[in-house]
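A single chain, nothing else alongside it, follows as structure tokens in the form predicted on its own.
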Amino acid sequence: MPRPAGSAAGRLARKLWRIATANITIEAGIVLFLLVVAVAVFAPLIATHDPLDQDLFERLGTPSTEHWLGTDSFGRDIFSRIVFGARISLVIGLSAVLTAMVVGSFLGVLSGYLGGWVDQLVGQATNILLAFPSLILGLMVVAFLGPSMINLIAAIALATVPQFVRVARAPTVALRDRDYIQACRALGFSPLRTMLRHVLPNIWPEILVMATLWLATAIRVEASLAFIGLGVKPPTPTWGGMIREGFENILTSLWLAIFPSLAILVVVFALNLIGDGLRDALDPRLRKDE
């Protein structure tokens, strides 16, 4: 008798719940990250001022009851700009890593499963991209295409794809000669069906851990590009752009750089907690209950 259609979704939901509550590290990271996401989603309700409103009479104001984290050189409220800046960082980071995860994982599985000239071609392209540090590669792409949100996402995704190719290829090579994969070939399953239904489900834990860790890197790269003037164009609030402005006034208004830096620190710390916790929860060598 066929199982109900919702049973697969239910099993997946229960599995994800078990992973999310596997240890205190994951729980702490998820709670902290969800708080940041909530701040970004409800930014209009949380911000105390319009992040673009200027008041030159209040420029470089110190933290006060009116402006909780002070004001910048244009009199704009720093707290409100940090709140709205979370949207830019999360949208760019999540979009870039999701794109890189899909493209890189597919190429890695394809390379590891098919081998031969496909493996050599993907491997050489990956090695070329890995020869450039992520920030340098992103800088080159954005400098060539011009600073915009779409170009930033493309640049960071391109710099991240090789990492997912490698993390997907290695376990695929180990799996392609297993008995159940050989049985799929004997039954006449197409390579695409075998990769998607029998290889990818067995390597997704490594990909998931990599995604959380590289999301933190993507947010740092976006902030670094914004710091050197290749981020989203002003006056849109970005954490990297705010740090750059704070650096220009660091001797007189130290808080301009400190508060957006702390925002980046919180997000990166939360994602690293999630990544470390996922690694411990999903690695069978580290699980004590099995």
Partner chain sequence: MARYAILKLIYSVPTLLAVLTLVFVLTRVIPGDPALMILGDQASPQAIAALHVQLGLDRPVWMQYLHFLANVAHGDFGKSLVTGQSVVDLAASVLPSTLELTIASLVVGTVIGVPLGAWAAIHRNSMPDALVRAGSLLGLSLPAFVFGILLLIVFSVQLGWFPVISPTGRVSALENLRALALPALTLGILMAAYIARVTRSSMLQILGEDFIRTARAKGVPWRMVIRRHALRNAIIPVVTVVGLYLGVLIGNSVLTEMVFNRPGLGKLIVGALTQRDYPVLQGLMVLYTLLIIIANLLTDLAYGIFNPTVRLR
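Numbering follows the first chain given and starts at 1. Computed from a predicted model, the values in this text were never measured in an experiment.
Just so you know, the form predicted in complex with its partner chain exists too; it's not on screen, but the next bit is about it.
Enquirer: According to a 4.5 angstroms non-hydrogen atom cut-off, is residue 106 in contact with its partner chain in the predicted bound form?
Expert: Looking in the predicted bound form, residue contacts with its partner chain do not include residue 106, since no heavy atom lies within 4.5 Å.
Enquirer: My question is simply whether residue 244 lines the interface with its partner chain in the predicted bound form - judged by any non-hydrogen atom within 4.5 Å.
Expert: Residue-level check for residue 244: yes, a contact with its partner chain.
Enquirer: Does any heavy atom of residue 30 come within 4.5 Å of a heavy atom of its partner chain in the predicted bound form?
Expert: No, no contact at 4.5 Å.
Enquirer: Check whether residue 265 has any heavy atom within 4.5 Å of a heavy atom of its partner chain in the predicted bound form, and answer yes or no.
Expert: Within the cut-off, so yes.
Enquirer: From the list 118, 208, 91, 140, which entry has a heavy atom within 4.5 Å of its partner chain in the predicted bound form?
Expert: Checked against the cut-off, the match is 140.
Enquirer: Within 199 to 228, which residues have a heavy atom closer than or equal to 4.5 Å from its partner chain in the predicted bound form?
Expert: Contacting residues: 220, 223, 224, 227, 228.
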